[in-house]
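Next up is one chain by itself, shown in structure tokens, the form predicted alone.
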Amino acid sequence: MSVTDVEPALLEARLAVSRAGWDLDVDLRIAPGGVTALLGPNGAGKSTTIQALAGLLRISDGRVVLEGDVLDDTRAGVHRPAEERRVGLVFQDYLLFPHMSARDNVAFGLRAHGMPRARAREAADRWLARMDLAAHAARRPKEMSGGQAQRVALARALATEPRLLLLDEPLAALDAGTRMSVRTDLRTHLDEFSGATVVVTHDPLDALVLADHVVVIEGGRVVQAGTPTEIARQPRTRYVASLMGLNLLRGVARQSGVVLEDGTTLTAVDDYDGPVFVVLRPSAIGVYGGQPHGSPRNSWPARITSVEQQGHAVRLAAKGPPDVFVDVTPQAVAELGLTVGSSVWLTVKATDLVVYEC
């Protein structure tokens, strides 16, 4: 879980990294047993954050404290190298030693910390059993599936009893079917881990399932942070809204109407005054071949700019203003003859607009 300023934190970190033409500035506080997901597009700074926490990258400014142990403090000139940190790291491509068995891969970190070979291999066997991999202990990475290799990498990271576990896109290399089962297994293991965990991902489902706190990074800055429910219900950037499958508009609320940035006005039931966000579910937007008449209080003409199948629904991109994504059934596409370039009318009920302050 994340923590407030008055709750104890196992990890407290302020990370600033400066590179040519790009800067990272991120604050993290995680309680014992807490799992924080770093969510963001490629190039946002997620992996840079992981590398800095692991000690693989020096920060330009800031401080990192893990369970009272100062790992970085730029003002005091402190930088503990990676091998001196109680940190476990799992990479996207696992980085298992190809010439070693699963048992010896897990035992490697323990031996690096000075444990005798026999004891290290015994401990490795216990961890492999916890991961349901006891029958695969003698196999090398090329003889295992992606899901099995991922669990070996996780066992190797946890075997050294870290206080901070860093998972960099841990499920990205798995196929869709394997990903679902491994995600469930990973959630179980994280529930049993008493340290702090940071999961880097660009997949919103990974963040929502694995984490109790989500930090969204764009352009090296934190643009939103909160519980998975808060992030899903009230996105604050278009990137976050698109991940959640929502339309996000901005405007100024005046009584029961919202004047959008494009100049159009939508009627809402929420009573706000001032800058607001407006969320529209694509499935809540109706599509008509001509101007509709009836109960919906918001309607506007639009032109279809793309038509894509998404599972059992069809996602339409419609240029207004306002510009929105709309989800319809394949039957509706056929009945209305919807193609790129089609002129339509869109409607949404006032009760289907979610409005909240910027």
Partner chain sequence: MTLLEQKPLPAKTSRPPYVLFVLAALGIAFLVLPLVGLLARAPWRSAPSLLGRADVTTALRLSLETATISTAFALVLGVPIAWCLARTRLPARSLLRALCALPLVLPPVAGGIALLLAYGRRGVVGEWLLRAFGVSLPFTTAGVVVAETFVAMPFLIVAVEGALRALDVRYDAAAASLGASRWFTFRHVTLPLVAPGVAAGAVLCWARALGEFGATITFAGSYPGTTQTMPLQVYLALQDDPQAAIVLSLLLLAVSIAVLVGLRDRWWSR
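Keep in mind the model is a prediction, meaning the values are calculated, not measured. Numbering follows the first chain given and starts at 1. Between two forms, the rigid core is defined as the largest C-alpha subset superposing within 1.5 Å.
The next section is about a form of this same protein that is not shown, the form predicted together with its partner chain.
- At a distance of at most 4.5 angstroms from its partner chain in the predicted bound form, all three residues L56, M100 and T160 contribute at least one non-hydrogen atom.
- Of the candidate stretches 219 to 227, 122 to 130, 259 to 267, 272 to 280, only 122 to 130 has residues with heavy atoms within 4.5 Å of its partner chain in the predicted bound form.
- With the partner omitted from this view, the residue of V78, M115, V252, A134 that lies near its partner chain in the predicted bound form is M115 [heavy atom within 4.5 Å].
- A residue is said to contact a partner when one of its heavy atoms sits within 4.5 Å of a partner heavy atom; L71 fails this definition for its partner chain in the predicted bound form, lying far away.
- Taking the partner from the other structure, its partner chain in the predicted bound form has no heavy atom within 4.5 Å of any heavy atom of P170.
- In the predicted bound form, its partner chain sits beyond 4.5 Å of every heavy atom of L248.
- Under a 4.5 angstroms non-hydrogen atom cutoff, its partner chain in the predicted bound form lacks V287 among its neighbouring residues.
- In sequence order, P81, A82, E83, E84, R86, V87, G88, L89 are the residues of 71 to 89 having a heavy atom within 4.5 Å of its partner chain in the predicted bound form; the partner itself is omitted from this view.
- Once the rigid core is used as the reference frame, the Cα position of P228 differs between this form and the one not shown by less than 2 Å.
- For H79, the Cα coordinates differ by under 2 angstroms between this form and the one not shown after the core has been superposed.
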